[in-house]
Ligand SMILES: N[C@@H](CCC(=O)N[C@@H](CS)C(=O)NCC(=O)O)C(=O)O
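To begin, one chain is listed below as structure tokens, in the form predicted alone.
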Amino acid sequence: MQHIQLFDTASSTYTYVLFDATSHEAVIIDPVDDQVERDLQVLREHGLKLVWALETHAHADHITSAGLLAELAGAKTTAPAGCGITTASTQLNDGDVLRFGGEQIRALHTPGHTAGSMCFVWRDHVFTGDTLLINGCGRTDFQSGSAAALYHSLTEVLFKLPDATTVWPGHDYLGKTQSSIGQEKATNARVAGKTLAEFVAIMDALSLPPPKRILEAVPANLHSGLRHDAPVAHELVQRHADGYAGDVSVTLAHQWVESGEAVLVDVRTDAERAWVGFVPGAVPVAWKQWPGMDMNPDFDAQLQAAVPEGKKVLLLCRSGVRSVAAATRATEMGLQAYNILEGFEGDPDENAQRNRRGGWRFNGLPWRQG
């Protein structure tokens, strides 16, 4: 069992990377957008393949990088079903299990800080988010919080775990890194030895100021941290019939490229291509670029140069969000543009072999070049 604890000073947030030492498949819990480069570097240094990006809840004090990690590292976004994070590819319910390599992590629904809050159990460890902190707990005065629900989650869910279970909190403001279920049951100032009524009275009397970034963070986190892509994608998909030529399957796209009818253009970021892999035969023209996923100011000129007169252009990205936007822009430029349905899924562990074979895959479908 291997795990890494990381810390964001601005929000006092702990991020955790858990991985299977044999397969090197990894999970990240509660990543922070300002720390995405740090987290990608950790993955590179340890040779890890990120398969899951987990949220314990929709955070109010920082913006998650889950959506960015899906684009840059190939992770699948995962969130508690009760949090309303509709962009997450997997919605977790109580007792659900996620597997990575030979390891697995189990979800515990622990409402109170928010209605959908979850903790994650891995072997004899529990990652408690804002539900249980060291000598404290998450606040309950906003985001569907409930002191009564939190009391139940603490005393009837988390405190039912073995006393030796190591507690890894989502935050700490005093430099502490870990605790245990036994220690928190015995000494936690807010809940240890308290009745429900006493606990509710303590929580009601806290009178804490709102998190500084709540108005920015919560809406962003309901879209996996992709503040710009999610609403734009919805708008463009709704008007794509008159916004670009159409959506095409992988099979048809392959036929057009092979026959010389179309040019294949990869609109993923340079960093993403370097991390996940290059698509043979595709012209790289990033729609957005890291850092900050800023719009590529040279997109129009680069795309125009990539597409000979009279040829169609096929746009691809990982999820289909950026390729839809790029196809619409290409149409505005006068090109006959198509979005490849479903996006590209690359596997870093297989890229070298597929390049040698001259093959690639879009969401499991073969793409052969030459």
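Note that residue numbering begins at 1 and tracks the sequence as displayed. Since the structure is predicted, the reported quantities are computational estimates derived from the model, not experimental observations.
Another form, the form predicted together with the named molecule, is not on view; read the next lines as being about it.
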> Is there a non-hydrogen atom of Leu133 within 4.5 angstroms of a non-hydrogen atom of the named molecule in the predicted complex?
Replying inline: yes
> in the predicted complex, does Cys137 have a heavy atom within 4.5 Å of the named molecule?
Replying inline: yes
> Arg123 near the named molecule in the predicted complex, any heavy atom under 4.5 Å?
Replying inline: no
> Any of the heavy atoms of Arg268 lying within 4.5 Å of the named molecule in the predicted complex?
Replying inline: no
>> Looking at heavy atoms inside 4.5 Å, which stretch does the named molecule contact in the predicted complex, given the options 254-262, 138-146, 217-225, 89-97?
In response: 138-146
>> Within 4.5 Å, heavy atoms only, which of Pro284, Pro211, Gly84, Gly74 is in contact with the named molecule in the predicted complex?
In response: Pro211
> Does any residue in 169-199 get within 4.5 Å of the named molecule in the predicted complex, counting heavy atoms only, and if so which ones?
Replying inline: His171, Tyr173, Arg190
